[in-house]
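Starting off, we have a lone chain in the form predicted alone, written out as structure tokens.
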Amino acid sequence: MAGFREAQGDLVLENVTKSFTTFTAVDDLSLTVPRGSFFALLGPSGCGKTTTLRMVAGLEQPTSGTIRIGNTDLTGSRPYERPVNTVFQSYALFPHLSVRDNVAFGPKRRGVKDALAQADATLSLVQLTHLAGRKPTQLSGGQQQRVAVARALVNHPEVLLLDEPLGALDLKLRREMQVELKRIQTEVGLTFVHVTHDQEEAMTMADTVAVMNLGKIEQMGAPDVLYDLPRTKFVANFLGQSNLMSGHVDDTDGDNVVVSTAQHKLRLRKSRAAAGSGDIAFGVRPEKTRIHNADPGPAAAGNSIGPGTLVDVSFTGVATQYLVDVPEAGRWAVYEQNLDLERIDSRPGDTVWISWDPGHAFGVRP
């Protein structure tokens, strides 16, 4: 048992499947979480991310496959045997104990002699020393969340699992806690595995994001890479917003492929296309597009579609969002930053065109 608790190294899942009576929650999943990294499992409800977390914690056992830390196979071991702790959305603090005693509970139970000193050091890490004597009910949601993190960290786990830890917080506090959790992770250098359905949360904090769908990983990588160059329709739509059209690769033009779509010939960098021939879904992010009162022609950014009908204009402070209906291309969103530059003077019902640079588009599997 001690051998499991002393395991160190990367967290590795190999061909992990978890099947229940009527469905498969996790389907032949393999991934490596480098030791000391902040890793996020991102996906919608029911995609298998929480089941994956529970298998790493030992709360569920895989139907097949192995889970290990370093060279130690944890498959089949109990939760208390693993060098893994979990922070849940509910925090699960003991209401009758002070903050200090909540954090010291684990070390005391294991017979650690300086349990209270370790608790104090961990409370200092999460910047809650001044609240050590309070009860959990006397704390804000964000403070309770930090106590829950401290209670997990004081056990010196090799891997800390975070199960939707910010879900109960309001937006402003959630953003503050994103920064705080990243600071803590950087300071202690532990492996954090964070499960969330909130794309902003994952992209703000994680070094690596794995986007899950239907029990499988659709794409995994650095947040900026996943956003800039999604490889599937699901990732393109789940991470932010995308303007997507179905098309067909017809030709090549230097470093570009030429895609026929919606009565237009559009250029796309070969390096940004998931397929060099055949059917393809052509996409571009709203903030990478521009809107025009007149046809910008081929001398514009390099690609343009239109004419379309402007259906909505929304001023959001830092940007203006335009929604445009383009025949056979569907409804497009355009985000333009509100700089002191010339902006179009158009209203719903007006005819407009949209342009963008070929290097900002992407092509994914249809």
Partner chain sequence: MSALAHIGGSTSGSAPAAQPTPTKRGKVAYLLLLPGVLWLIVFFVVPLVQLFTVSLQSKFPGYPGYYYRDVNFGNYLTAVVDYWPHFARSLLYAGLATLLAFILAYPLAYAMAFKAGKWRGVMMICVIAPFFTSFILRTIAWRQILSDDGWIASALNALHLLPGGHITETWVAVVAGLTYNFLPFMVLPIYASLERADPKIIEAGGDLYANGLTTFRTVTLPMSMPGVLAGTLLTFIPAAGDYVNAELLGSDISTKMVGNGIESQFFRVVDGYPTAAALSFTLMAAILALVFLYVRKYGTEELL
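Here the rigid core means the biggest group of C-alpha atoms that line up within 1.5 Å when the two forms are laid on top of each other. Note that the structure is predicted; figures quoted are calculated from it, not measured. Numbering follows the first chain given and starts at 1.
There is another form of the same protein, the form predicted together with its partner chain; it is not shown, and what comes next is about it.
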Partner contact check in the predicted complex: of 177-185, 227-235, 264-272, 101-109, the stretch with a heavy atom within 4.5 Å of its partner chain is 101-109
If we test each of 310, 329, 57, 333 for a heavy atom within 4.5 Å of its partner chain in the predicted complex, the one that passes is 57
Residue within 4.5 Å of its partner chain in the predicted complex by heavy atom, from 77, 155, 143, 196, is 155
| said: When the contact criterion is heavy atoms within 4.5 Å, does residue 288 count as touching its partner chain in the predicted complex? | reply: no
Checklist entry - Taking heavy atoms and a 4.5 Å cut-off, does residue 82 contact its partner chain in the predicted complex? => result yes
Should residue 220 be classed as touching its partner chain in the predicted complex when contacts are defined as heavy atoms within 4.5 Å? no
Quiz item: Taking heavy atoms only, is residue 117 within 4.5 angstroms of its partner chain in the predicted complex?
Solution: no
Residues in 120-147 that come within 4.5 Å of its partner chain in the predicted complex by at least one heavy atom, in order, are 135
Taking the rigid core as reference, does the Cα of residue 246 move 2 Å or more between this form and the one not shown? no
### Message
Using the rigid core as the reference frame, would you say residue 144 shifts its C-alpha by 2 Å or more between this form and the one not shown?
### Response
yes
